[in-house]
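Before any questions on binding or motion, here is one chain by itself as structure tokens, the form predicted on its own.
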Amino acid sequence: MTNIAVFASGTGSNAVNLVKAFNSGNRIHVALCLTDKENAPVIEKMKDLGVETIFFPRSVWKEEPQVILDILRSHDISVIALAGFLCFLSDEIVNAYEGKILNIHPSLLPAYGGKGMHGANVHKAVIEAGDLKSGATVHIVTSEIDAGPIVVQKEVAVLPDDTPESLEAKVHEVEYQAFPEAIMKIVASLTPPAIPKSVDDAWAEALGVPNNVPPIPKNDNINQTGPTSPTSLTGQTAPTGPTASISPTAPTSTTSMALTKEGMPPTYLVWSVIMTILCCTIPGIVAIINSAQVSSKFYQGDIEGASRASRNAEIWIIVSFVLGVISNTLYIPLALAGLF
């Protein structure tokens, strides 16, 4: 769950839209609303929707930004949405949430941006300029007003009979689409992609076999200087002295040496599955279990165990195949004789 905070100064139509867009799901949640106006209509609207709303006078926003940051952190806020927020936003807040503060602006930036360009002022300027299109822009907030990277932008047509009021209504409609879309893009960028499971991991999970042991460290010699005695991976303590050099993952036999150089022994997992489906089920399942153990033992550092599991998987594959051939050899003549 990603918690977001909404900053608003006015009626809060975009803030309400964000709550309705997100708070019925389980990925993004509007957890907090902050405002710089004590009697702003957004306060009651957000409270009615169950969103905690806090008023801070502009003196706090300008002179005590740490107070704002403490509140945001106490609510585990990851992203901030400025929904008609007309107050000064300090560099401390912008830097603390760099790339994670979004603002909705009622024009196609960079046109009609900057100081004084908000609300009806923007729509009036568009009409007076005779522009044929306008729209809404969601951008990342930086220290420069309305100059951050654009995340989402949506257009509306400006008709000859449009007034600032009618244009504002049309822009509001696309704002309700653009703002949630932009927030989802930012949240997605903050979430690392899931690592797909390997075939071994998927089968091991299905069969209840542990197969998620982290890989052993790189086989570099460890040199340590000083009185501390390093401990090897086998639990034995190396001799003390000014300089101790140990090889924690040195192979213990010719077979281990070959496996370490060549990599993990074959798992035969695909063949195990094929034999289970096409030949003999029980030996095939035993082969699958041994196949799934190959990688887990290998990454635990048990090279011999991984090799043994690989050989066992191969043996049970052969057993499954042989039993399958025998059963089919006996079954087909009997079936033709009408005994089955």
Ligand code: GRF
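Every value quoted in this text rests on a predicted model; they were computed, and no experiment measured them. Residue positions are given as counts along the sequence shown, with the first one as 1.
Keep in mind that the form predicted in complex with the ligand is not shown, yet the notes after this line are about it.
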Query - Residue contact check: residue 180 to the ligand in the predicted bound form, 4.5 Å heavy atom - result: no
Query raised in the report: Applying a 4.5 Å heavy atom distance criterion, does residue 10 contact the ligand in the predicted bound form?
Result: yes
Query raised in the report: Taking 4.5 angstroms as the cut-off for heavy atoms, does residue 14 touch the ligand in the predicted bound form?
Result: yes
Query raised in the report: Hey, in the predicted bound form, does residue 104 get a heavy atom within 4.5 angstroms of the ligand?
Result: yes
Query raised in the report: Going by heavy atoms within 4.5 Å, which of 72 to 80, 152 to 160, 168 to 176, 88 to 96 lines up against the ligand in the predicted bound form?
Result: 168 to 176
